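Single chain ahead, written as structure tokens, the form predicted alone.
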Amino acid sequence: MRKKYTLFALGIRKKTIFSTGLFLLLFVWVMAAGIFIAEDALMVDLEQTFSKPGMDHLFGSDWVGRDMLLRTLKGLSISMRIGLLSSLISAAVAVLFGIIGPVFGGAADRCISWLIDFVLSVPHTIIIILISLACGGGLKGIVVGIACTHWTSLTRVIRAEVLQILHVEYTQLSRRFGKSKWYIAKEHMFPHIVPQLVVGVVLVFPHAILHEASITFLGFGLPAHEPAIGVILSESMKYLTSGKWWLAFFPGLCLVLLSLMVDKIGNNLEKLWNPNTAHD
């Protein structure tokens, strides 16, 4: 009998390809929507205040008549931009520290290990708030704050991988042939940590957008005039007690679903590159 394949019966490879392709389509669509939504579409319309979700406004409208679907898309595009920038910067820092520490050893490795322990010992939210305030807030402050706090876990993974590669035969031969440490790092270390690097970038992304939303919600992130998800959720709190549930429900749901989707893709990629689970 021929097997019937469903989405839930697919192997890890097909699940990863399907979920990644779906996310890329969603990512491009949300980013394009955020770019092409005109300012006029988010103008005040006092005749449409507090419209409930329906055909005219799928996500309803807010206290000044702005369409919540358009505001949510705009906010998600901002969060995605921040998440992408932060995860890429964090990955670059993790690669730099994760390779420099084991390759150069000694004081360099001890300083990097101490710095990792120091960053992990302080709650990320506090560090992000302090860095964001020091950088003047806004997009730059949030990106710098998140990037400076989310490189530690990936650095440890890369460092452990590099330590193993240092003791393999071809690395030892390169040293005996007089190759420099930078040559060994570039030719022998970096190609082997690409899978961990990709998974790390994907897994940092949802953490970045959730931290951005939480810091903005607390008032230390993006300014109030930006249609960010954190701003939308913060503004909606005063109206929830009067039954305007859609002001927070739909933006919050979209943010959570986006984070869970990216996190699932990262876990699937991690399983795919693991030889023990790649053929499940």
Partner chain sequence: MKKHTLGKFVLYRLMKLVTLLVALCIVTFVLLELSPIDPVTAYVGADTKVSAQQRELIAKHWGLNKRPAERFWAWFSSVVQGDWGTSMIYRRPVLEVIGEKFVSSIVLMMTAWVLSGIFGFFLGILSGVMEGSWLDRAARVYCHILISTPTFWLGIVFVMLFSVKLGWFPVALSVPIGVIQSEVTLWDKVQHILLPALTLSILSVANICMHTREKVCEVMHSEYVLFAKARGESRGSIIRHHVIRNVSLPAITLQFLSFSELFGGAVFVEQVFSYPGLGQATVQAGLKGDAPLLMGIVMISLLFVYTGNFIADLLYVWIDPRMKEG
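Numbering follows the first chain given and starts at 1. None of the values given here were measured: they were computed from a predicted structure.
Not on display, but discussed next: the form predicted in complex with its partner chain.
Between 81-89, 177-185, 67-75, 129-137, the stretch whose residues reach within 4.5 angstroms of its partner chain in the model of the complex through a non-hydrogen atom is 129-137. The candidate site formed by 217, 245 and 260 is fully in contact with its partner chain in the model of the complex, as each residue has a non-hydrogen atom within 4.5 angstroms of it.
The partner is absent here, but in the model of the complex a heavy atom of 210, alone among 93, 210, 112, 165, sits within 4.5 Å of its partner chain.
Taking non-hydrogen atoms only, residue 37 never approaches its partner chain to within 4.5 angstroms in the model of the complex.
Heavy atoms of residue 118 reach within 4.5 Å of its partner chain in the model of the complex, making it an interface residue.
In the model of the complex, its partner chain sits within 4.5 Å of a heavy atom of residue 233. For the chain shown alone, residue 222 is not a contact residue for its partner chain in the model of the complex, no non-hydrogen atom being within 4.5 angstroms.
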